[in-house]
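Listed next as structure tokens is one chain, alone, in the form predicted on its own.
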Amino acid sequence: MRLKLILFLFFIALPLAVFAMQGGERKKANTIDELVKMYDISSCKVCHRDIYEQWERSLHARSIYGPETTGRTAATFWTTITHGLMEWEHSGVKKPEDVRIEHLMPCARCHLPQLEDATDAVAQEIVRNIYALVKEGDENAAKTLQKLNINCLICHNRNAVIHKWVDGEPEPNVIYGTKKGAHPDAMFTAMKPSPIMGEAILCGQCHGLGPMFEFDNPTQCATLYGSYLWSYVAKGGSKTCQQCHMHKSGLGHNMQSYRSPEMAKMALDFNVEAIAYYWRDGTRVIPQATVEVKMKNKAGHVIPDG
């Protein structure tokens, strides 16, 4: 009897438990640390150190906290909760403790899409840390929020497949990119090409078309992808987001925008003409100048965004 039980656990129960953690019946995280562990990329750093270091300098690495030491994104979440959710009559949020996953997802859809894999307890923990940071300048809260990010597994697994009726769900043990074969990792053991890895639509999942009508309270934040399609591609443009923000810029996985001198040079063209002269006003001679500045947007989308 004991032998049968052991065999059952080994051949049936254990694989099902692993499947529940990795695949369709994924267990939801109950804490920020559990969610971070669920999307742990420490093993990526071992083999892809240069790419990892590029990513670490990007805003993707601080998608909830925000740029450098400012915490600006977290402050925007605070504003959304305090002067949005708590002031909207039908949101169900009267105080910060009322915030649930559904309330954060209009922002987290892009800033932390894996939040869908967490319980309301994680939403509450995030809100507590946001308020502690914004209201008290709590350094521990800052460190906690900086654990949450858009990392390798979001682009190379979770969001790597869009047309799921055609291509299927992302497989839990696969890293998606441009190659096919074995992958030397204990958890992600295979590589497969993603149909969208080199296409702008990969980025368009977050860098938006416009209002997100799937939410009870539609929001409009990022519209770059829509602008890219309707103003750039529609007029014959052919470069993808990746070609400009990763390859041509030389930034790789850093993928900066307006904060990067490289991107600023590529995106904008300035032409300045100045004429200096003296203006006689009665008995007075006054030095004056006329300056004409022309600024041209060379980017494949509107500037700014968000």
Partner chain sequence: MPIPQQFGRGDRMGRGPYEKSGLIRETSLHPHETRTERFDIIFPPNIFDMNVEVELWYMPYGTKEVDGFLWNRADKTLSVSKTGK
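Between two forms, the rigid core is the largest collection of C-alphas that superpose within 1.5 Å. It should be emphasised that the depicted structure is a prediction, and the values quoted were computed from it without experimental measurement. Residue numbers count along the first chain shown, from 1.
If you look for the form predicted together with the partner chain, you will not find it shown, but the lines that follow are about it.
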>> Each of Gly168, Ile196 and Gly250 within 4.5 Å of the partner chain in the model of the complex, by any heavy atom, yes or no?
In response: no
> Quick one: is Lys95 in contact with the partner chain in the model of the complex, heavy atoms, 4.5 Å cut-off?
Replying inline: no
>> With a cut-off of 4.5 Å between heavy atoms, is Thr70 one of the residues that contacts the partner chain in the model of the complex?
In response: yes
> Quick one: is Met105 in contact with the partner chain in the model of the complex, heavy atoms, 4.5 Å cut-off?
Replying inline: no
>> I'd like to check something about Tyr225: if you look in the model of the complex, is any of its heavy atoms closer than or equal to 4.5 Å to a heavy atom of the partner chain?
In response: no
> Which residue, Thr79, Asn140, Thr189, Thr178, has a heavy atom that falls within 4.5 Å of the partner chain in the model of the complex?
Replying inline: Thr79
> Taking the partner chain in the model of the complex as the reference, which of Leu153, Val174, Leu209, Cys221 has a non-hydrogen atom within 4.5 Å?
Replying inline: Cys221
> Any idea which of 114 to 122, 201 to 209, 82 to 90, 154 to 162 reaches within 4.5 Å of the partner chain in the model of the complex, heavy atoms considered?
Replying inline: 82 to 90
> Would the C-alpha of Val272 be classed as shifted by 2 Å or more between this form and the one not shown after rigid-core alignment?
Replying inline: no
>> Given a superposition on the rigid core, I'd like a yes or no on whether Asp50 shifts its C-alpha by 2 Å or more between this form and the one not shown.
In response: no
